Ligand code: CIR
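Below you'll find only one chain, the form predicted on its own, shown as structure tokens.
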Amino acid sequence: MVRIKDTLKDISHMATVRLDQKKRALVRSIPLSFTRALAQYFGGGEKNVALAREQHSAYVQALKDAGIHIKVIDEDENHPDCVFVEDQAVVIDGHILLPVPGHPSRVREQPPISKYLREQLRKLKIRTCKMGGEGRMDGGDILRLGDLFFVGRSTRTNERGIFVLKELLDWLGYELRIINIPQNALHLTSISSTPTDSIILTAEGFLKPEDFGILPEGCRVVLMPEEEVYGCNTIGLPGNKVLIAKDYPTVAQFLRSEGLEVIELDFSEIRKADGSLTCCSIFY
């Protein structure tokens, strides 16, 4: 069996933090080249960069209002998708896994993200690991429910990438379960999220409760209508708050019924580039 030190060269982190760990987040500004960002799934249409920047600013402000300390990295015009930082680093209990992104055009977005996270976490004497070889993974394919992790086998995340992630999680003592992502979806977090540490939100027609297996006591999978799948991408925050995309009433109503304070954000322009709420931040 290949050990972590043989498959990982350094380590980073992504949408893999519990609610109580969400204190700081890294985001990145939107470049003018955003008009050329990838759009192969639910995205499409002409992108309005000015409006996308307004929506992103509102997103950043909502995180700040929730008490999250935000670091903003400058945009890179050479990388239209650079705002989607989640895919570039995976942070688990402070340890960092730097994956090789699944789309070739996005590989060189990582250096400034890696540099900043290493500088911050080096102060805490945290390990940093880097995926090598044929492994490919986007951070958007990882979901955490308490101490249980899920990874999507998708067009952006392959078997070798999953193996490297499992090596890290085995070392940390966590379980990893693999979910096959349907062909009409980009990432696991494109079609599901954990608004709390006990709820997995997903949509009919994409995933089924049994795809997640038997969950810990008190946890459950909640299905939303297929047409509200984009609304299933949420960000749970401390203080019983949750960020959701605007115009998904069933999602909003359910979350309010759970006693959560729902904060709705217009993400229509960012959606045109296959982007969702979780795509735009790395919590660490």
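Worth saying up front: this structure is predicted, and the values here are computed from it rather than measured. When you see a residue number, it is the position in the sequence shown, counting from 1.
Separately, the form predicted together with the named molecule exists; it is not shown, and the next lines address it.
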| query | finding |
| --- | --- |
| Triple contact flag Phe84, Arg106 and Thr189 to the named molecule in the model of the complex, non-hydrogen atom at 4.5 angstroms | yes |
| Exercise: Asp274 in contact with the named molecule in the model of the complex, heavy atom 4.5 Å | yes |
| 4.5 Å heavy atom contact, Val222 to the named molecule in the model of the complex | no |
| His95 within 4.5 Å of the named molecule in the model of the complex, heavy atoms | no |
| Partner contact for Gly152 in the model of the complex: the named molecule, 4.5 angstroms, heavy atom | no |
| Among 113-121, 210-218, 84-92, 164-172, the region lying within 4.5 Å of the named molecule in the model of the complex by heavy atom distance | 84-92 |
| Residue among Leu38, Val60, Ala66, Leu51 with a heavy atom within 4.5 Å of the named molecule in the model of the complex | Leu38 |
| Contacts with the named molecule in the model of the complex - residues in 140-177 whose heavy atoms fall within 4.5 Å | Gly140, Arg156 |
